[in-house]
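Coming up is one lone chain in structure tokens, specifically the form predicted alone.
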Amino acid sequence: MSTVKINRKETHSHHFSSMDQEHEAGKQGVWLFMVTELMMFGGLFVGYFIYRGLHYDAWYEGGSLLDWRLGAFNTLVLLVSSFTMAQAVTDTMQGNNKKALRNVIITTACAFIFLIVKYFEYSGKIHHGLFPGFDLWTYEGQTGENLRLFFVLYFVMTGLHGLHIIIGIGLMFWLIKRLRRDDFNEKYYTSVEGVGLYWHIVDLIWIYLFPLMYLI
């Protein structure tokens, strides 16, 4: 018995006049959402720079207590994931869902590697009493208070970024499911492109977090 392959997305939704309009609307929606994310992190970056100017010595000491090698490794991991995600978008635009599936799986693996490294990094900071809460804090005096503020921002900013990584992993699993069903083609790849935009913004935020926290 012969089977006929039916694409799950051959026409635009009823509230759009064309596939192109639906694609552009979806992409603009993702960009608007990303703008709100950038505004949120932007506020945190502004706070970071203000307090860095006020408490430079504490910020210098706080940066020296972070392992730049772990941060650099995670930066490399995210750069690889950004490349594979971009390639997955290109693959779906060319109708090659199998190749796109492989690239999305690699991207997901990179995301897990990032979180695993972050877990060991956080564990080390907590073990050495650098988590700014409860009875774990070991630094006293005014310098200690300023250093505590540094680590509050460190855990909030990197933790919030890590939450976005976890959300990204969920989106990757959703794409993997749909790619296995062969849902996308040359005319319909909006979902892959939208997740790709989200992932690139997440990577971009880390590109700024890494030098600010670990290097400067």
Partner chain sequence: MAHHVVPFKTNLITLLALVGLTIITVITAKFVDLGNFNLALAMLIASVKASIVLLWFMHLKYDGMMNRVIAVTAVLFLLIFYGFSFSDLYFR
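If you're wondering where the values come from, they're calculated on a predicted model, not measured in any experiment. Numbering follows the first chain given and starts at 1.
Omitted here: the form predicted together with its partner chain. The next part is about that form.
Taking the partner from elsewhere, Thr75 is found to have a heavy atom lying within 4.5 Å of its partner chain in the predicted bound form. Interface residue remark: Phe184 is not counted as part of the site for its partner chain in the predicted bound form, having no heavy atom within 4.5 Å. Taking non-hydrogen atoms only, Val35 approaches its partner chain to within 4.5 angstroms in the predicted bound form. Remark: Ile126 does not count among the residues lining its partner chain in the predicted bound form, judged by a heavy atom distance of 4.5 Å or less. Proximity to its partner chain in the predicted bound form, taken as a non-hydrogen atom within 4.5 angstroms, holds for one residue of Val117, Ala86, Leu101, Ala109, which is Ala86. Taken together, the three residues Glu61, Leu70 and Ile169 all stay farther than 4.5 Å from its partner chain in the predicted bound form, as judged by their closest heavy atom. Residues from 178 to 216 that approach its partner chain in the predicted bound form with a non-hydrogen atom closer than or equal to 4.5 Å are Glu186, Lys187, Tyr189, Glu193, Leu197, His200, Ile201, Asp203, Leu204, Ile207, Tyr208, Phe210, Pro211, Leu212, Tyr214, Leu215, Ile216, in the order they occur in the chain.
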